[in-house]
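Presented below, as structure tokens, is a lone chain in the form predicted alone.
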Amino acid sequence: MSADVAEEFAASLRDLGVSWSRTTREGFEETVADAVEPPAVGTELPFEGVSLAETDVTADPTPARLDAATTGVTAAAFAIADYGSVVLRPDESGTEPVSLYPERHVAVLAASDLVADMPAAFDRLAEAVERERGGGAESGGGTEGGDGTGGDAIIATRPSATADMGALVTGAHGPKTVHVIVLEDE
């Protein structure tokens, strides 16, 4: 991630009213504690040396826990700097419902997974879909749909909102607030 891309992402998040923080793997637990409003539920995070195990976030999103949660914590596959968007890949661990049902969504992102713009995002998604379908030299084969996502992705930009009722309503069909945690690469 270049400094320019990181600065653009931070500016885009500010413009959207999305809070964010940067941390190291060592500071992750303290950063999560500051970002969540309990009770919190989350999905396992795919980042080496980072876990929800020593936090107050329950990493087993049953329907009852999801219903009771104020905060949902998920990994973001990557983010788009000029839109301030995070890209979530639905999976069997519950990333999609955990990001949508609680009032607050905390998305965790590796700094190296930040791309500059939408064309770069589509290139990255195309590579992932190709890999999941068994194509590409580095894939080593695979089955259709690979990890079960079938190439699906959610591009989430700011808290959910609608103006269908005549006025802008935040959190109408998704989280009312969003916080992004950017993990520094080492």
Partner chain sequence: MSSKSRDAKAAEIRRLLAEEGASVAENTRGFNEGRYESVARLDDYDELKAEARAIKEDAIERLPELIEEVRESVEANGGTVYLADDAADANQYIAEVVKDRDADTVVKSKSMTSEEIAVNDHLEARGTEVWETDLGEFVLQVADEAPSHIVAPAIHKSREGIAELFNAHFDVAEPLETAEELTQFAREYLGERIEEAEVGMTGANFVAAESGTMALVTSEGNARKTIQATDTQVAVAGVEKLIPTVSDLQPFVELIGRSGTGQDITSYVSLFTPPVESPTVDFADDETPLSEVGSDDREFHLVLIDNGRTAMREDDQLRETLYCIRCSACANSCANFQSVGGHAFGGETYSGGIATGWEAGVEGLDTAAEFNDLCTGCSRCVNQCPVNIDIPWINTVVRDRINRGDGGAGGESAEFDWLVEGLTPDEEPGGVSLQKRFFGNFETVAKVGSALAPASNWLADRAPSRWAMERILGIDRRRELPAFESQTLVEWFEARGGSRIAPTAADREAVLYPDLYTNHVQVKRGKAAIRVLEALGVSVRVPEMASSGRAPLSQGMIATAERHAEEVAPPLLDHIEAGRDVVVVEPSDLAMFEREYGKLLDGERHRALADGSYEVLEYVYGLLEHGEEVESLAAGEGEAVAYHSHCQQRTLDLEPYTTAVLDAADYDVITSDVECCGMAGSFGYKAEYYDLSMDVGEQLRDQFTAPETSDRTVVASGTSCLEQLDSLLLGRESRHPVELLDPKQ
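Residue numbers count along the first chain shown, from 1. Note that the structure is predicted; figures quoted are calculated from it, not measured.
The same protein also exists as the form predicted in complex with the partner chain; that form is not shown, yet it is the one meant from here on.
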Taking a heavy atom within 4.5 Å as contact, would all three of Thr31, Glu37 and Gly72 count as contacting the partner chain in the predicted bound form?
no
With a 4.5 Å heavy atom cut-off, would you call Asp91 a contact of the partner chain in the predicted bound form?
yes
Under a 4.5 Å heavy atom criterion, is Ala53 part of the interface with the partner chain in the predicted bound form?
no
Please tell me whether any heavy atom belonging to Val169 falls inside 4.5 Å of a heavy atom of the partner chain, as the geometry stands in the predicted bound form.
yes
Considering only heavy atoms, tell me if Arg131 and the partner chain come within 4.5 Å of each other in the predicted bound form.
no
Heavy atom within 4.5 Å of the partner chain in the predicted bound form: which residues of 101-131 meet that condition, in order?
Tyr101, Met118, Pro119, Phe122, Leu125, Ala126, Val129, Glu130
